[in-house]
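Quick setup: one chain, the form predicted alone, written in structure tokens, and binding and motion questions come after.
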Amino acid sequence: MVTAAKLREALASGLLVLGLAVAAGSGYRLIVLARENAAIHDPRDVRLDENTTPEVVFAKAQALDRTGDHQEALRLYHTIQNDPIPAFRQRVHYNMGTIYLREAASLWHARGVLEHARVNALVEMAKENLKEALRLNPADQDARFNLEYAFRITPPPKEKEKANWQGTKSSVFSTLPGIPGGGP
């Protein structure tokens, strides 16, 4: 027969085991968060894999952008651009648009019209990302400023060669007969 004292003892043991399990789980989660915070603080030596959180990837991309490795930064931003959190996605698109815009501006200042096609493509990608950033957060003044800058540095369309038209002024007018009798 189970006495009330044994029942209380078993219940206390069960609660103790449950409490230890919850504490161990919380401790493990704290260790993981501390590791992620350290990686976000100094992402230079972080090795990325499929289990890396988007925040760490974002920090790594920012660090790469600061060191001048823009292509790798853009590649990392592309991997996290569909994050479900809109505010996070907005920052990703803003950073991507800014990188494209910076590359287009430097190329335009360095080579001018000679790189028309590349500058135009970079500016269009910058506009697309900055528009998405503004769609997600219309109050972002930095994105608005950069988008206006992108529209200002958009290279003019290449001029087409003028047609070598040799006609006379009279040939401009229609030669179709009008409605006889003055029409309705």
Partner chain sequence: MRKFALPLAIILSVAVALLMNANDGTAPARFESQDDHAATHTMGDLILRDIVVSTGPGVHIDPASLPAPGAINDWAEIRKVETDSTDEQTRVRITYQVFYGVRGPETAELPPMRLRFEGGGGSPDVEAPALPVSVMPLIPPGIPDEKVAIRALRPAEPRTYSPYPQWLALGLGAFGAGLVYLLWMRGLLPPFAGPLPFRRACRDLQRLADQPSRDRAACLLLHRALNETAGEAVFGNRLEAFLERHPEFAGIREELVEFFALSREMFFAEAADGDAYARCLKLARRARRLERKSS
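Positions refer to the first chain, counted from 1. Predicted model only: the values in this text are computed from it and were never measured. Superpose the two forms; the largest set of C-alphas matching within 1.5 Å is the rigid core.
Unshown form predicted together with the partner chain; subsequent notes refer to it.
- Checked against the partner chain in the model of the complex, the candidates D69, E124, D42, E148 yield a single residue with a heavy atom inside 4.5 Å, and that residue is E148.
- At a distance threshold of 4.5 angstroms between non-hydrogen atoms, H78 is out of contact with the partner chain in the model of the complex.
- In the model of the complex, the partner chain stays beyond 4.5 Å of every heavy atom belonging to R89.
- Contact annotation for V46: none of its heavy atoms lies within 4.5 Å of the partner chain in the model of the complex.
- Among heavy atoms of L107, none comes within 4.5 Å of the partner chain in the model of the complex.
- Scanning 87-108 for heavy atoms within 4.5 Å of the partner chain in the model of the complex gives Q90, R91, Y94, N95, T98, I99, L101, R102, A105 in sequence order.
- Core-superposed comparison between the shown form and the other one: the CA of S26 exceeds or equals a 2 Å shift.
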